[in-house]
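Below you will find one chain, with nothing else, as structure tokens; this is the form predicted on its own, and questions on how it binds or moves follow later.
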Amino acid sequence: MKRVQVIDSHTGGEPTRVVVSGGPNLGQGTVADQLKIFREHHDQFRSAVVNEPRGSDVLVGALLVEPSDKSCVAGVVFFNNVGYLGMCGHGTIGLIVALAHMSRIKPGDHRIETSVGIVTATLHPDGRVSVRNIPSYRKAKAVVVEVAGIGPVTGDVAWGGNWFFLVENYGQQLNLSNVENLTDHSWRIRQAVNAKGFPEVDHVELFGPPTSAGANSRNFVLCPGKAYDRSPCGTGTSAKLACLAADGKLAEGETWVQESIIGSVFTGHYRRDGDNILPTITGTAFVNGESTLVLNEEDPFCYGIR
């Protein structure tokens, strides 16, 4: 039997499972190199951690690894029910709160090495976490796709650490009771966007009017494995800020408040970096579990239901 120590948390309702010990040996390379080894040789471990019967479609895993950049307090590989994530905003907030829970860090700035670059996270004394994300940008504006069963849909393709297709007009009610239809709608849009020539897009983000006082927008984000993001999505909010900046709708340093489909919020702002922006996303996470996962080779579902 193999034992894996994990800490569970949620950020705005979206769960993160940090693997503290018991993970595979991924060598001494960069986090990008370690992710490659993880994907090619240890993918069953990914499935064991986040898929049923131990996990669920919505769970995001965060494997703590040794950073190649020694100025970083940690390296992390993010993964979900179907694969791997370059960066994860809510997951970084959850990781920082988990490290604080383990007394590995105190309030202040902490550099984290991810597979797509180094991000800096600030743990505030009140428990909030601000993540200064990697450079973000809009790749294509007003892309029109013909969606099966829906018709033409227009949106922007943008990078915020993951690839997004962002849509504001989609003909659906943006509320929790409509999640099933929103999921189907977004999944159809993703297939059309991929077929249009953007195969890298694996997140779809729908926007609408907010319901929380002080929020600027409400969103529904469909993740790669067809689960929706309970949080406002950190990388998705970064992509949104990139689009707003490109359109001149949000000034440098101005605050944007993004509400999720369940009502949780992130605040964000950016500074310019040439043609890109450098977004900062702030949110709160709470540790809600410490446990030991047991991987028993005699269990027919030891490595998850895939």
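Owing to the predicted nature of the structure, the values given are computational and were not obtained by experimental measurement. Each residue number is its position in the shown sequence, starting from 1.
Here the subject shifts to the form predicted in complex with a small molecule, a form of this protein not shown in this document.
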Point to revise | is_contact(Gly94, the small molecule) in the model of the complex, heavy atom dist at most 4.5 Å | key: no
* **Partner proximity in the model of the complex: His185 to the small molecule, non-hydrogen atom cutoff 4.5 Å** => no
### Task
Decide whether Asp229 counts as a contact residue for the small molecule in the model of the complex under a heavy atom distance cut-off of 4.5 Å.
yes
Using the partner position in the model of the complex, report whether Cys223 sits within 4.5 Å of the small molecule, counting heavy atoms only.
yes
Among Asn162, Asn219, Ser136, Ser115, just one has a heavy atom within 4.5 Å of the small molecule in the model of the complex, namely Asn162
TL;DR on 84-92, 107-115, 177-185, 150-158: the one with heavy atoms within 4.5 Å of the small molecule in the model of the complex is 84-92
